[in-house]
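Just one chain is shown here, as C-alpha cells, and it is the form predicted alone.
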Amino acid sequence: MQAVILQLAVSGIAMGFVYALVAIEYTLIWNACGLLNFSHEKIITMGGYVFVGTCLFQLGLPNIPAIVLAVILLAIFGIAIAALIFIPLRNSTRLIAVVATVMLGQVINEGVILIWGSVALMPKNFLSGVSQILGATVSKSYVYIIIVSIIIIAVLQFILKKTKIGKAMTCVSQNKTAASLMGINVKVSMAITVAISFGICCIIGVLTAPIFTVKQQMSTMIALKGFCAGVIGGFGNLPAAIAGGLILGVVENFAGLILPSVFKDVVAFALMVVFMLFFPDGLVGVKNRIQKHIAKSQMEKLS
C-alpha cells in the first residue's frame, strides 16, 4: 500500500506540474495582453510535432539539441503571432479576442495535419524506463517532468524578479500606460512574454509526448485541467497557479483510490466548480481571507 501511495503521489505531483505550466503560460499572456489564449491546446500539440516529427525524425537530432531547437522555433512562432494577433487585439473586446484565439487554434491544427499528417508519433527511447523510489516503481517520465518543471519555474522567477526584461514584463502586466510613460517598449515586452509562453507550451508537448504520444488530441485534457488549475489558484497570479496545479494533480490522482477510474477527469472540473462557488478568487482569495481574519483578531486583542 505504501508503494501504491508513493506512486500516486509522484505521478500526481508530475501531472500537477504539467497543469501548473499550462496555468503559467495562460497567466503570462493574460497579464501581458489581457487576453485568454484559447489556442494553447493546439500550440502544445504543435510543440510535440515539431520536436518529434521535425527535430527527431526528419533532422535526426539527439534529444537535447532537438528540444532546444523546438523551443526556439515555437518562441519565434510566438513572436510572429504576438505581432499579428495578440498585440493588435489587446484593446479589442473580449469576444473578438476569444474568437481570434479559437480560430488561431483551428489554423494551427489544420497546419499540423498538412505538415505532419494525422498519424500519431511516438519518440523512441525518450524519457523511457522506470525508477525505484523507496520501493515504489515510478516511470522516469514523471521524474523528469518534476525536475524540468522545477527548473523552468525557478528560471522564470529569476527572469521576472532579477532581470531588466523580466521587470519590464512585470510593469507591463500591472499597468501598460504607466510602463509606456516610464520608457518601456510595451509591444516588445508583450512579444517577449508571448514567446516565453509559446516556449513553455513546447516544453509541455515535449514532456508529455512519451505519456500521451504525439497526436491531435494529446493536449485536450491537459489544457482544460491547466485552465482549472489557474482558476483554483487565482487567475493572474503565478505562484497561485503553480499551487493550483499541484493541488489538482495530487487530488485527482488520489481520488482514483475512492472513485472509479472513469471519473478521474471529472475531479478537476468538480474542484474548479467548488472554488468558483465558494472561493471565486481561488487560493489568493483564501489567503486574503485568512490574513484579514488574523489582522481582525489581532486588532480585537489590542482593543
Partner chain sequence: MKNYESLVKKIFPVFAMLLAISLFPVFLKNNYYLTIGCQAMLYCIVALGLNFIVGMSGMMTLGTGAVYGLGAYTSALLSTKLGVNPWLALIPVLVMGWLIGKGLGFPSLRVQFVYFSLVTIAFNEIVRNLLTNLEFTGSGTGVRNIPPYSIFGFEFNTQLRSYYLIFAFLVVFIIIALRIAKSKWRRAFIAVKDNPEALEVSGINVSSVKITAFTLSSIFGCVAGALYAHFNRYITPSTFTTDLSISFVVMLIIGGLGNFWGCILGAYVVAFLPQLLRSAGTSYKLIYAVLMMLAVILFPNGIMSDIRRSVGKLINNGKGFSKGGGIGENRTGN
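Please read all numbers here as calculations on a predicted model, not as lab measurements. Numbering follows the first chain given and starts at 1.
The same protein has a further form, the form predicted together with its partner chain, not shown here; the description that follows concerns it.
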Full three-residue contact with its partner chain in the model of the complex, heavy atom 4.5 Å, for 38, 98 and 235: yes
Look at the stretches 105 to 113, 67 to 75, 143 to 151, 166 to 174 and give the one with heavy atoms within 4.5 Å of its partner chain in the model of the complex. 105 to 113
Using a 4.5 Å cut on heavy atoms, which of 56, 272, 255, 28 is close to its partner chain in the model of the complex? 272
Which pick from 276, 259, 251, 61 sits with a heavy atom within 4.5 Å of its partner chain in the model of the complex? 276
Determine whether any heavy atom of residue 130 comes within 4.5 Å of a heavy atom of its partner chain in the model of the complex, and answer yes or no. no
Looking at the partner-bound form in the model of the complex, is residue 94 within 4.5 Å of its partner chain by any heavy atom? yes
Would you please decide whether residue 121 lies within 4.5 angstroms of its partner chain in the model of the complex, comparing each non-hydrogen atom pair? no
So, residue 224 and its partner chain: in the model of the complex, are they within 4.5 Å at any heavy atom pair? yes
